[in-house]
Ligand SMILES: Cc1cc2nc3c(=O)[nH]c(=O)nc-3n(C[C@H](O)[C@H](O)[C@H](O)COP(=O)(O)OP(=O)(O)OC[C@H]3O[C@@H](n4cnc5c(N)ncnc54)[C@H](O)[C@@H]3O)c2cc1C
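Just the one chain here, laid out as structure tokens, in the form predicted alone.
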């Protein structure tokens, strides 16, 4: 039985391990964390709607349920010339390799003065603590935003920033404190969120006005200070709490590896997720270079599609079959954007763009998805095809 090594225990890596096992392959998963973190629902930790434990699934449980091998260690270097991976505590060899390590974040000057819902998982707890402190004081200024990578627009992740500020707005209203807080949403782009489509962009701006959330768009960020954001024109946005989702960039481990990278630092792959120039190495998720329409975006469901495509293609390669599956035909933007008291269904592909407001029920749908994701991954309930 051929062995496939999967690097990364995130949404894409776990889906790859599960899909490869379904193809009957021997799988070893390497992760530097002992748990799978369910990023899409971590937005509720700062506003105390769920606990940190509700957002994690122990990898040991997943390994037992799906019968794959598990190594908890940190990747230091990938050596494709010797089919080996150097870990912090050992070096392992592979026959096939799937790289799903995610991306590092662009480090803006003063980034240590911010917190992020898309940074280290523990940052969600620090964000909650900071918000609790401001609430105990009864007033404050909160700035939430996201940045871009000019070398690769698909590495931008803004959706969670919208969700966090909408949830904080609703949280403060429930506590009767909203009038005591100044909320500002900021981004260096002139039209942040434009990749979601024109309808979504218009709706988001209307929502900001309706909820009295200030916006600060179109100015590049010079640096973050302890008490705000300084822009390139030397203007300053004062803030007692700054949450910022920096765009993705090259993973540190890849700087020492011999994988082909784009200018932005992402692994070059073909439409079958195979690393260009390498027959037995594949890359999926945020670490891979996505090709496609200008609006393309790196999302969890795209990483899962890439994982399933990769598993099928590795099996075909082993069997000597020329048939291959591609990820591009499955590219779309898909999310249920939670607003604290409801949600909006957002969808975009090459043929249509859609935003459907889902008052009240939308929030329950996303909470239901959290339970479905956890239980289906642990094989406690059947999985819906394609989800």
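Numbering follows the first chain given and starts at 1. A quick note: this is a predicted structure, and the numbers were derived from the prediction, not measured.
Below: the form predicted in complex with the ligand, not depicted.
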{"property": "Contacting member of 200, 189, 221, 75, with respect to the ligand in the predicted complex [4.5 Å, heavy atom]", "result": "75"}
{"property": "Single option in 193, 145, 248, 285 placed near the ligand in the predicted complex, where near means a heavy atom within 4.5 Å", "result": "285"}
{"property": "Heavy atom of each of 153, 293 and 331 within 4.5 Å of the ligand in the predicted complex", "result": "no"}
{"property": "Contact segment among 155-163, 206-214, 224-232, 137-145, judged by heavy atoms lying within 4.5 Å of the ligand in the predicted complex", "result": "155-163"}
{"property": "Any non-hydrogen atom of residue 100 within 4.5 angstroms of the ligand in the predicted complex", "result": "yes"}
{"property": "Residue 40: touches the ligand in the predicted complex, heavy atom cutoff 4.5 angstroms", "result": "yes"}
{"property": "Non-hydrogen atom contact residue 20 with the ligand in the predicted complex at 4.5 angstroms", "result": "no"}
{"property": "Contact of residue 300 with the ligand in the predicted complex (heavy atom, 4.5 Å)", "result": "yes"}
{"property": "The ligand in the predicted complex - contacting residues of 24-40, heavy atom within 4.5 Å", "result": "30, 31, 32, 33, 39, 40"}
